[in-house]
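The chain below stands alone and is given as structure tokens, in the form predicted on its own.
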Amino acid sequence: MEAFKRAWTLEGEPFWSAVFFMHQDKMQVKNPKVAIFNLEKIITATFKLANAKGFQAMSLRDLSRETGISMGGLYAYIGSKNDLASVIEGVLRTYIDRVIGELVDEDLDPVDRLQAIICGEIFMIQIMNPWYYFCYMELKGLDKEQQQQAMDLELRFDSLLVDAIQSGISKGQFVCEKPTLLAASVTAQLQQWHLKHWKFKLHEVSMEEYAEHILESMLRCLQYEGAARSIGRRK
């Protein structure tokens, strides 16, 4: 996690500054010093209200009360609830593409690539948990275009796993008849880290332990000879 945080800034002022510059063309407020502070407040309050009552039940007036920003002030940042959901989904999609995409571009051995993808996703979920939870739980309430973008994001992640599996098959390291099915099941396991985090906390399972468990289980499914080696011992 320490190395991951050195490579990627996914929290704090630098992160919120990046969020602002991603979507500033959709906002009326152009002063970064003012906009970044309020944008963080708006999105953080959205996560809180969505968890409490659901995004569809949340109104912009609720958001105004929670943030202390007037209705007119809110409209300077977001035109509608759909615009707000689009910003949240877009930020998460962009960072998954950047972070996991960069890991894949390292030209790693298939096993190391699977480890990088699994650990990278777990670390991102740990840091950006509210973003993942919102996009997963509120997907049904988004418009069709946003729903499709969120589903495409998951399918792209599956495809990264499939590519690593097929690379290992071509090198004689893995045996797998249904790479797509295996990739989908691993993605579902990763999602459990934000959907059922209370369970792992109850059993005192760390994110590193969970990532290691997923990797080792996947390597066993792939009939990889070194499946019993832990992440901590890999070179």
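Since the structure is predicted, the reported quantities are computational estimates derived from the model, not experimental observations. Numbers for residues come from their place in the sequence shown, where the first is 1.
Absent from the display: the form predicted together with another copy of the chain. The rest refers to it.
The contact with another copy of the chain in the predicted bound form, taken as any heavy atom within 4.5 Å, belongs to Q192 out of T44, S64, S167, Q192. The contact residue chosen from L108, L155, A76, I127 relative to another copy of the chain in the predicted bound form is L155, the criterion being a non-hydrogen atom within 4.5 angstroms. Using a 4.5 Å cutoff between non-hydrogen atoms, S59 does not count as a contact of another copy of the chain in the predicted bound form. When contacts are judged by a 4.5 Å heavy atom cut-off, T9 does not count as touching another copy of the chain in the predicted bound form.
The shortest heavy atom separation between H203 and another copy of the chain in the predicted bound form is within 4.5 Å. Proximity of I69 to another copy of the chain in the predicted bound form falls outside the 4.5 Å heavy atom cutoff. Within 4.5 angstroms of another copy of the chain in the predicted bound form, the stretch 28-56 places a non-hydrogen atom from each of A50, N51, A52, K53, G54, Q56, taken in sequence order.
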